[in-house]
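One chain comes next, on its own, written out as structure tokens in the form predicted alone.
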């Protein structure tokens, strides 16, 4: 196994073009596990730790540009107001040591359905900025996952950053594991309210071959919130609506039985998390709605 260590982004793109099979490594929290267990033996390993741009973030008027190697710990500490769902997901990643090393780019590159960041990115409607010597492009997160541990990257492309809209409403994230830390998700669920567009987005992890959205559940809830005038009146969502939303989220799953949990348990747990995160986010929205009305 040969080791490539580019000193700049341009050198990294040139190396990837010359060696398309090279596996990028930044935090190493996914790649090194696979190598240590001999599940993967790449011909080339490309170290990206010297490229400072990957460790930086920019907060714009409407969006955050998050470098691919920004550690989860930095997201938790500095970007919680702008990216609350991703900050909550970052809290559930492994241990403090790994949260100080691992970043969203690694989750995206590995594209494991159990990656902790995926549900939050789906719920927020992120875009993945990728680049090669041929140029750069942005891939909508909905189009990024193409199969089990497969993504939409071309062989010569590298992930440079993730673009995420700043939260305009409450976001939540929930994860089920066999213990409280250092655990791969049995299943996970992300939910984001988008009051500006009066829409709701979801993200489900570890309950299908790829991270997915519960689109039928979103359509149902969007219609129910609009028809009931909930966005305007800020009333409590009726139990029947929450129950139906949860059932549709569970139905969106296509899980497997494995050592961490059964398929039936995963479906049940996703339904429970969907109902709970909807309750939490809507209560937050109602609180902000009442404050706005009081100020008016």
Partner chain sequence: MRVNFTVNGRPQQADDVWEGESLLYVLRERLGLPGSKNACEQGECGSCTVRLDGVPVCSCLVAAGQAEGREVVTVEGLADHARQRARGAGGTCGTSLDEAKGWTADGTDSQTGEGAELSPVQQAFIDAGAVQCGFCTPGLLVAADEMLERRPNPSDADIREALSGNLCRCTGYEKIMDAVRLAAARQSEGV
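Fair warning: this is a prediction, and the values are worked out from it, not measured in the lab. Numbering follows the first chain given and starts at 1.
Absent from the display: the form predicted in complex with its partner chain. The rest refers to it.
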Contact label in the predicted complex: residue 50 to its partner chain, heavy atom within 4.5 Å:
yes
Going by a heavy atom distance of 4.5 Å, is residue 56 a contact of its partner chain in the predicted complex?
no
When the contact criterion is heavy atoms within 4.5 Å, does residue 28 count as touching its partner chain in the predicted complex?
yes
How about residue 236 - does it come within 4.5 Å of its partner chain in the predicted complex, if we only consider non-hydrogen atoms?
no
Which residue, 100, 132, 199, 146, is the contact with its partner chain in the predicted complex, using a 4.5 Å heavy atom cutoff?
100
When its partner chain is placed as it is in the predicted complex, which of 121-129, 151-159, 191-199, 175-183 ends up with heavy atoms within 4.5 Å of it?
175-183
Out of 147-173, which residues reach within 4.5 Å of its partner chain in the predicted complex, heavy atoms considered?
none
